[in-house]
Ligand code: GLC
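As structure tokens, one chain now follows by itself in the form predicted on its own.
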Amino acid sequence: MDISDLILRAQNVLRSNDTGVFTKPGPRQYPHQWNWDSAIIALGLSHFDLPRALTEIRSLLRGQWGDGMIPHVVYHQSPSDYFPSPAFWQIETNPNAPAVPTSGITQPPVLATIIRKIHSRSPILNFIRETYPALLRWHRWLHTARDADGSGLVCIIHPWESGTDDSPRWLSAMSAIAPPDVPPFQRGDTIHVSASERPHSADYVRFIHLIDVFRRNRYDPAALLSRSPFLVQDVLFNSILYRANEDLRALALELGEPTGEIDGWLDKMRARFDARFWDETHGSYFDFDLRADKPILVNTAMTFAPFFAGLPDPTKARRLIAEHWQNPREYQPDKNIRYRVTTTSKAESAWEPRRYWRGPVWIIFNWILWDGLKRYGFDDPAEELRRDSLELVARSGFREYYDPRDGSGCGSTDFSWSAALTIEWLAGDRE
């Protein structure tokens, strides 16, 4: 592998997707600014163009709502063939909506973690001083507007908020939703990508029904907690939030800001996390469906996400590796599966190796898991994951996701966060 050439190719992807205001996740499939995509993109940009990385974050923060929410999509430029369009969300019915068009839901809050990572190698204290109030307000919004049961754990109200839109872990909660009627719409996600690699039509109808519920309730947080048919405490989202709270606290200390509020969030989440998500019988972490009042017993790679937050105790961490990571029926490569990590266990009936979050390898999740494995000293599994990820981008290009069987690319081409994380992984090798 030619490290310098691969870094240059990755930089070219980010440059080609740069609109001057934000970086598109993909050149055609995703023409607007996505929340956690832009955070990861900024991490990659920071290695070769730090001012542009900070501009990326500032552009995202322009979409922050008055109540603190940072939405999952900011529509700086329109129109496009992407659906939902800005008008479809109807966010203007909420007094907290910003001047720039956005979606009405959020995404995993990885931004504070990314800013701290950038700062650790390229001090940006003035930028942290500039953006810290926005980060604090977002985290406060999550811990108030999305804490449905007072546990300190937050809820998502739409599968899109998880970042893992059509994961099989949402099937039971979504199948319980029977839309009485759905606004007219035309999907845009199958224009540039094969329908066989995108969410099933039945799932998409429910996605749109949920948005209609939110529109009719004018995005009022209390109303949505009460009325959203989909209300789930997500292991991945809460793991990312816990880690982001740790990183926000570290930034606060550098600024000399008080940390009591953040400490309270961390204490509550830590006290409740395992009691809510850990299943001793299966040796796994499972999401929790608040509407059905029961855990979602679906085996996906999100069971490893708590490594990123440092939450599993040593016994649980060893079980996750021994019983799942190294299990050939689940996540261990075999004669048919060459690359890690398939995002859904091979043992699940809903496993599909090329369909979105039903089974393909995603570079973003590999990076989250790699970071968590390193945190626990699982250096060999971490390096295996990094090696597989770099081999995938080297052989198939910077794709949105990959078939774990042969490494062929799926979804969008020239995908920005796959390029950004390649730079993040390889920059140290070149130094």
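Throughout, we count residues from 1 along the sequence that is shown. These numbers were taken from a predicted model, which means no experiment stands behind them.
The same protein also has a form predicted in complex with alpha-D-glucopyranose (GLC), omitted here; what follows describes it.
The three residues 107, 163 and 356 all sit with a heavy atom within 4.5 Å of alpha-D-glucopyranose (GLC) in the predicted complex. Stretch 357-365 is the contacting one of 220-228, 255-263, 334-342, 357-365, since its residues have non-hydrogen atoms within 4.5 Å of alpha-D-glucopyranose (GLC) in the predicted complex. In the predicted complex, alpha-D-glucopyranose (GLC) lies farther than 4.5 Å from every heavy atom of residue 56. Contact check for residue 411: no non-hydrogen atom falls within 4.5 Å of alpha-D-glucopyranose (GLC) in the predicted complex.
In the predicted complex, alpha-D-glucopyranose (GLC) stays beyond 4.5 Å of every heavy atom belonging to residue 388. By the criterion of a heavy atom within 4.5 Å, residue 378 is excluded from the residues contacting alpha-D-glucopyranose (GLC) in the predicted complex. Residue 400 is the only one in 393-410 with at least one heavy atom within 4.5 Å of alpha-D-glucopyranose (GLC) in the predicted complex.
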